[in-house]
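As structure tokens, one chain now follows by itself in the form predicted on its own.
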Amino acid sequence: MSALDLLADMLRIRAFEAVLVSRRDHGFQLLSSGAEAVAVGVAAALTREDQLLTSGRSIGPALARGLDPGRVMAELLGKASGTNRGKGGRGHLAQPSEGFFGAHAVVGGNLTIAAGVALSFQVRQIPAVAVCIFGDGACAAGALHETLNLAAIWKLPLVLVCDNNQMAVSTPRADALAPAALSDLAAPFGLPHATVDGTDVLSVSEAMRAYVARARSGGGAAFLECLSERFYSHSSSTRETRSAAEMAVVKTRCPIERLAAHLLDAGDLDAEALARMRSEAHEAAVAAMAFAEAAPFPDAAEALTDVL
């Protein structure tokens, strides 16, 4: 993907969430605004055969992976035309046929599942890679260490990506996790690991391409930490605990404005083209909402279907 394509994808995620939250009945959501570069940079390194898993903060990754925005919006609003017929919602959004194995609402709950997906590729000798995005809060979970251990022993085709927005709900990362860099958690297991600026989509994409290529060729697992920002409160149902002054600083690290400025300075983009890209992203989000609004809710008779 070109840098312009990466910018367009980030703009689409930002516009999608803006249209979603403008609705009073948008439901309980965890938004990706501020961390678009992580989702887009990770997805840019994947092929169609690969599978992406995410935490409950799934909107950005799902759209970056290429899921239809209208169907994603419908799922978030509980409509029958959603990717999971309105039954999964934001916390369990999934479409494996499109390389999005899905979200998991339990903190750290997606990690061991990702190891299982990677193991299935390995056993079936499929040259595909499982990638799992999770938050910094999951780094305190034992499941991460169990996953790192098995991934190292079995040389699984797995790339673990920590989207470190530096806040676990309202707890600053430094108050909850001791390592200087969360990527260092992979060191005792002998796995390659790195920390990159998660507001720089080009850096995220470059690091991911190297780790994905290594995993695909049989080199085994890796751990990538992306230092990102969160522009909203933890969820649509929680208040913002950071001060206005803190938020002003956070919003100076916008991944979209960073890449746009880079492209403008390089002469690869002009102000008119950028304005057009923003307008197209907004129009696509409005169209997704129109699709969702027109969709019916699931029939009550389906309440117990798809339940194991």
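Worth saying up front: this structure is predicted, and the values here are computed from it rather than measured. The first residue of the shown sequence is 1; numbering continues from there.
Heads up, the form predicted in complex with another copy of the chain isn't pictured, but that's what we're talking about next.
Put simply, G218 is far from another copy of the chain in the predicted complex: not one heavy atom of it is within 4.5 Å.
In the predicted complex, another copy of the chain sits within 4.5 Å of a heavy atom belonging to L177. In the predicted complex, A194 stays away from another copy of the chain, with no heavy atom inside 4.5 Å. In the predicted complex, none of the heavy atoms of A213 sits within 4.5 Å of a heavy atom of another copy of the chain. Contact with another copy of the chain in the predicted complex holds for all three of C139, N149 and D184, each having a heavy atom within 4.5 Å. Taking another copy of the chain as positioned in the predicted complex, the residues of 188-211 that bring a heavy atom within 4.5 Å of it are, in sequence order, P188, F189.
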